[in-house]
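Okay, here we've got a single chain as structure tokens, the form predicted on its own, with questions on binding and movement later.
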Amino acid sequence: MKALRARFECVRVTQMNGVDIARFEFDYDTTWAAFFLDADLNVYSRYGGRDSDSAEGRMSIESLAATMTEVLEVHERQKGHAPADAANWQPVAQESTTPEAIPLLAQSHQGCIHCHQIQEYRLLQAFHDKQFQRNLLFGYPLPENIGLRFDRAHGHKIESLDEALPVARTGLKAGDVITRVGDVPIHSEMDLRWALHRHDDRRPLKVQAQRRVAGRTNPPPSIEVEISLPESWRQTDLSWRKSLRSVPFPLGFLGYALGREERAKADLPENVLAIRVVSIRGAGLAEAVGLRKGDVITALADRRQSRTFDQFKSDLLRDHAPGDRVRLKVLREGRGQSLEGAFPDWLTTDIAVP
């Protein structure tokens, strides 16, 4: 890895002030991200990413080395062609922009701009511009959302396919290496997630892959397929995202997951949902369904699995849109009750990020 690293000029960026976020676009909630560029800042690949289970579980030294090796191979091929083949670069918006171009950020924020604050201000700005859409919450979908599970030691080689989803009927197989999605060349899982993030749902998802054939020495054959996307394919767990706190969702209450002693006192097992309402705050979901201070939420619809407060909030956002019916079960003064009401319209009075 040290020898591979020596073939790159490395620059570390520790704050986002003045950075061209049209070119350096990534999941701003993630822990760490890398871009692989040529001398003219053309983007070969993105690397990084996380999920609700782990801050680093989707990265590995092996997959990083694989991405770096592929990037070097493409770069060497580019140097041998004049003009270079732009298809080897990832598409970039023609007009540059910076975080400071977000009006609310420019108005309210001073000092160092952290990555997650860009996403938070984008959400707030979209709401105040009356352009907020629910899909803005579900950026950078996981490959599992469309039925692909990658080999973590490689990064973008298929380890398995979900037989219950349409991808299993495309002809793709375990061992195939995804090389392009739409107009995005793929050298990492994050490349695929970025391609999914920017995908136009009105069009089919076009995917290219290479299939290794035992004993074959010439380049592996290329496979082209179209993947039908399952319903609600973008939606995933938001609970780990810092930007969750700036979603324009009027929950209308504060709460916390009961600990072991409180569960025992309420005769609730450790593996079931138990969110205590500690305060009611203005209009919102709490008012719509009739929650009261002291209630213990024990079910959302028919789901009772144990969740933290942020996971519970994520579940609400993942499964509901304004106007949908929200069904809760609660313990109120020791007695079970069913509550129901409408998921509220998007709303926030915030104009700044904490």
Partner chain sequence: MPSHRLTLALTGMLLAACGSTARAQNALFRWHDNMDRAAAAARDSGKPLFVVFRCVR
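Numbering follows the first chain given and starts at 1. In this text the structure is predicted, and so the values were computed from the model without any measurement.
Another form exists, predicted in complex with its partner chain; not displayed. Remarks below refer to it.
With the partner omitted from this view, the residue of 298, 52, 311, 31 that lies near its partner chain in the predicted complex is 31 [heavy atom within 4.5 Å]. With the partner omitted here, the stretch from 113-121, 222-230, 273-281, 204-212 that lies within 4.5 Å of its partner chain by heavy atoms in the predicted complex is 113-121. Taking the partner from the other structure, its partner chain in the predicted complex has no heavy atom within 4.5 Å of any heavy atom of residue 326. In the predicted complex, its partner chain sits beyond 4.5 Å of every heavy atom of residue 84. Contact check for residue 346: no non-hydrogen atom falls within 4.5 Å of its partner chain in the predicted complex. Using a 4.5 angstroms threshold between heavy atoms, residue 331 stays clear of its partner chain in the predicted complex.
In sequence order, 1, 2, 5, 6, 7, 8, 9, 10, 11, 12, 13, 14, 16, 19, 24 are the residues of 1-25 having a heavy atom within 4.5 Å of its partner chain in the predicted complex; the partner itself is omitted from this view.
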